[in-house]
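This document opens with one chain alone, in structure tokens, the form predicted alone.
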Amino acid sequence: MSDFLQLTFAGVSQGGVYALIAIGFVAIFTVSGVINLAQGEFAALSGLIAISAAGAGMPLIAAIAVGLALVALVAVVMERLTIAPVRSMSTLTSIILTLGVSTALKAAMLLIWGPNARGLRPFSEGLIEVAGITIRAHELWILAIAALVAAAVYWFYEKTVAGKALKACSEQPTAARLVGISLKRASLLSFVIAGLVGGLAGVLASPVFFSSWESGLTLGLKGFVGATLGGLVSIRGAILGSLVLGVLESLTAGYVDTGLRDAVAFLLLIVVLVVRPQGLFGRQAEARV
């Protein structure tokens, strides 16, 4: 039983990182219909920037803030240069454009930081024993911050004027235009949100999974699977889907084979797209996959 609890907690911790990336996918897709394949690169870039800033002598919090700010800026530039100029944006077009940005970001990270993976120092050192399971202190930070950000994002969409405007753009874009809501500004704001949550996922994951020029690929794919489980239109569904994915990966690695960990995500994605394309936690009317 203790092994099961240990693996489950580790999976929930991993799922918290995936959830932040999945929120970024949903934030962009619901507003503009864009599937941002560069979302994982936001995470990798933020981690590498924070590592370099901390290595230059900056306090950890300041280094993380620099990483998040620069990634948000990259997201803004990406939206202005590649998404905004396209008048008719189909899903296929968005995939091609964002794949190009993803490749460019990978190349830039490889040139600047080289091929070796590195990790940001944990927010807290040490191990904690709870109910017979061993928990790394940093994993508690991941869970706490992921939960706090998820709650903040939900509050933003449900309680603020800007958040409700974004929801209006996703649900009734024509009506949103008629009442004066700018879809261009909404798209830009959605990319800022995606950049911030993706960057935060990167700095949280870095002490555990390490950061490199190619680490964003895995994180991005896992986040996309989590978002797809929610139908790509539900923040709550994306969070739940990401947690389910993290737990399934951890249990598979612990009880079956560690080599099958990554295969879980792709198998789950195929099954969901074939059997329930609106997502496990999405409503039929909301299906956009």
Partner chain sequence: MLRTRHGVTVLFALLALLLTACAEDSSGGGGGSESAGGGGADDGPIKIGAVLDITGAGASLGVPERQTLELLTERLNADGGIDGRPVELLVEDNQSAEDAAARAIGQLINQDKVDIVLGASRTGPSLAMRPVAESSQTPMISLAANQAIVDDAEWIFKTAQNDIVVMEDMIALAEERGWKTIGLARDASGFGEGVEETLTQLGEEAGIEVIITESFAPDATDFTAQMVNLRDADADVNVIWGIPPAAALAQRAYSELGPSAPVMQSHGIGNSVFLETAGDSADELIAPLGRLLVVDQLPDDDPQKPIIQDFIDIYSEAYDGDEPSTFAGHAYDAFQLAVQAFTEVGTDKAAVRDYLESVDGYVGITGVFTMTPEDHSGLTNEAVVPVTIKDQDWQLLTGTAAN
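Numbering follows the first chain given and starts at 1. What you are looking at is a predicted structure, and each value in this text was computed from that prediction instead of being measured.
One more form of this protein exists, namely the form predicted together with the partner chain; it is left out here, but the text below deals with it.
In summary, among the residues Leu110, Ala104, Ala175, Val76, the only one with a non-hydrogen atom within 4.5 Å of the partner chain in the model of the complex is Leu110. Checking Val208, Leu189, Ala72, Ile181 for any heavy atom within 4.5 Å of the partner chain in the model of the complex turns up a single hit: Val208. Look at 194-202, 210-218, 78-86, 141-149: in the model of the complex, residues with non-hydrogen atoms within 4.5 angstroms of the partner chain sit in 210-218.
When the partner chain is considered in the model of the complex, Leu99 lines it closely, a heavy atom lying within 4.5 Å. Contact check for Val130: no non-hydrogen atom falls within 4.5 Å of the partner chain in the model of the complex. Contact annotation for Ile95: at least one heavy atom lies within 4.5 Å of the partner chain in the model of the complex. Remark: Val233 counts among the residues lining the partner chain in the model of the complex, judged by a heavy atom distance of 4.5 Å or less.
Shown here without the partner chain, the chain has Ser250, Ala253, Gly254, Thr258, Arg261, Phe266, Leu269, Ile270, Leu273 in 236-273 lying with a heavy atom within 4.5 Å of that partner in the model of the complex.
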